[in-house]
Structures are given as C-alpha cells and as structure tokens.
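Here you get one chain, nothing else, as structure tokens; it is the form predicted on its own.
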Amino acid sequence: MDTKIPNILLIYTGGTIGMIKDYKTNALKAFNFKKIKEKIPELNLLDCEIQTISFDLPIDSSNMNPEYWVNIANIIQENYYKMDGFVVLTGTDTMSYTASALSFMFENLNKPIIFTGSQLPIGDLRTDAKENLITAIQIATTQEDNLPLITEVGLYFEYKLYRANRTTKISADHFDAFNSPNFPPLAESGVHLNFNRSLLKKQSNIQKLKVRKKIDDSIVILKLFPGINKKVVQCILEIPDLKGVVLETYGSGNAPTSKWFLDLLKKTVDKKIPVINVTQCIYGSVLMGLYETSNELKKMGVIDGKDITTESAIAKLKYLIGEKVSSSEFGNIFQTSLRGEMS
C-alpha cells in the first residue's frame, strides 16, 4: 500500500518552549521556529514534513484568553485539509484551559491537535523542550491505514499523552507538570511509544468538521472556603450580565447549608444562570445528594459536574453559553460527555 509522508503544522503562540538565551546579554528572546530543524536536528529522523506558523507577537500564557483561542482555531481551520496533524505550543500555566477549549471548539475532529510546551526554554542545557516537541510531533504523525491514529485534542508532556480536557497543571517546577486525575493517559513514551488504543476516540469520516468560535466569557469561578461570607458571595453572584458560574465545592460536591448561601444560589439558578458544581479535590467526582450538604444544591437545580476538571468546566461553560443552549436543555447537555471530558 502506498503511504504518503504526513504534513504537520507547528503553531507557536508563545511560552517558555519558544525562548532561547542570548548568551551575550543573558536575555531570553523568541526562537525562530522556521529554523526548528537546525536547533533540533533529530526532527530530520521523523518521516514527516513540518511547516510552522508563529504568532506575530508571542504571548505569555498568563495573557491567554478566548480571542487567542479563536486565533488558534482559525489557523487550524484554514490549514485543516492541507495538513495531517497539528502541534500547538503554548505556555504551560494556562495550557489545560486552552487545550480544553479547543477540544470543544472542534466538533467531528478527524486529525490530531497536540498541545505541548516546556518548563525550560528550548535553548537551555537541561531543557525538556526537545523531548516534548519531538514526541508530540511523532504522535501527530502516527497513522494506521493512511489515517491519523489520534483524532482528538491531546496534551503531551513528560512522556505522557493525555486527553487535553482531562488535564490540570500540578507543578510549577517539575518536568512532570501535568496530570489527568480521573482518566488514564492515551499514550506513554518510553523505549517504545505505546498507545492505549481502547481509550482513543474514534470519529466518523462522514461527519463534516464544525468549528465553534462563539465563546462567551461572562462567567465566574466561586471557590468555597471555610468562613466565606455573605457579602463576598453576593458580590460574585450578582455581577451584572453574569451568564454562568463554576462552583468549586468540597469533597463530593458539598457546600454550606447556611440559609443565606442557599438563598443566593437559588436566586442565581432561578435567573436561568447555570451553576456547575465541581469538586476542589484533584481526584474523584461530584456526587450530589450523597450527603445532606449537597442535597439542597441538587434540589434547586445546580448542575452536577461529575469528575470534570475546573479548567474543562470553564471551557465547556463558555462554549455552551456561546452556542446559546437553552436553559431547559443546559443541564442535560452539560452533564453529557461531549468530547470525553467526563466519565
């Protein structure tokens, strides 16, 4: 059977991975990714063609926002039928948010979109950038019967490929910076690159790609803590034009039973503002109604976020509000796994 060499588009948005040190001044400056094979000659061993696109002004991940998500989506959409896979380089601090958002924005995806980055600049002596980049590209090129093996948005970091919308950043100073608390890795890189094939999403080639770019950012996170007072909660829940709330609760979805707290939440729900219950715990799931402290939330119509991460809940909420999902359907749709983001 004839096989064609995969074409991979490398998209650099900003972040540590794209920095190199000027050894005369010791300052970090943006790397020219058009010269990527000169900096990482090992890429020549991969049987693929690599093209690159960089943002005109690389952005720090702390400045990442939905406008940039749409920019990334536009680049991928414009090149979707010319390329066999995409590798997106961003800063690590908000990578889980961005990668989760892209997973919802691309419906009927049939090609890999792999996010990666690094903890140290690409020009650093001990950098993790080379391994992350080389293996992310290799994953994006992996095919079976001339079709990509990965057909979803992934995040590759420190020898593991995760489903992007299941990830969270867990370390600021270790190379093993990401984890997927409630879902196993899609692949692990060691002596061999091993894919957990039973977990990979399978898409129908018949369905046409749809790119959803209406992202609404009129949402807020309300993180509970012992002693949170009425004035704080009221200020948050009564923000003008608020359209959605991610409520970070304790344990399996538990919250205070104070009358003022429940009244403010019910008032919010009654205004048709979706309130999503997610756990502050890294591992585990919301189980509303298991304890009395979550039963009232369930009764008033707070939406069960199950085992979704906060990052993915934010992305999904922005996406569904942007798509103008009706209040009558919102709860059922949010509680349905759309891109493998919840169990």
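All residue numbers are counted from 1 along the displayed sequence. Here the structure is a predicted model, which means the values were calculated and not measured.
The protein also exists as the form predicted together with aspartic acid; that form is not presented, and the subsequent description refers to it.
Engineer: Consider the chain as shown here, without its partner, and state which of G244, P148, G91, P185 has a heavy atom within 4.5 Å of aspartic acid in the predicted bound form.
Structural biologist: Result of the distance check: G91.
Engineer: For the chain shown here without its partner, which stretch in 305 to 313, 56 to 64, 270 to 278, 35 to 43 has non-hydrogen atoms within 4.5 angstroms of aspartic acid in the predicted bound form?
Structural biologist: It is the stretch 56 to 64.
Engineer: Taking heavy atoms only, is G322 within 4.5 angstroms of aspartic acid in the predicted bound form?
Structural biologist: Judged by the heavy-atom cut-off of 4.5 Å, G322 is well away from aspartic acid in the predicted bound form.
Engineer: Within a 4.5 Å heavy atom cut-off, is Q119 in contact with aspartic acid in the predicted bound form?
Structural biologist: Yes - in the predicted bound form, heavy atoms of Q119 and aspartic acid come within 4.5 Å of each other.
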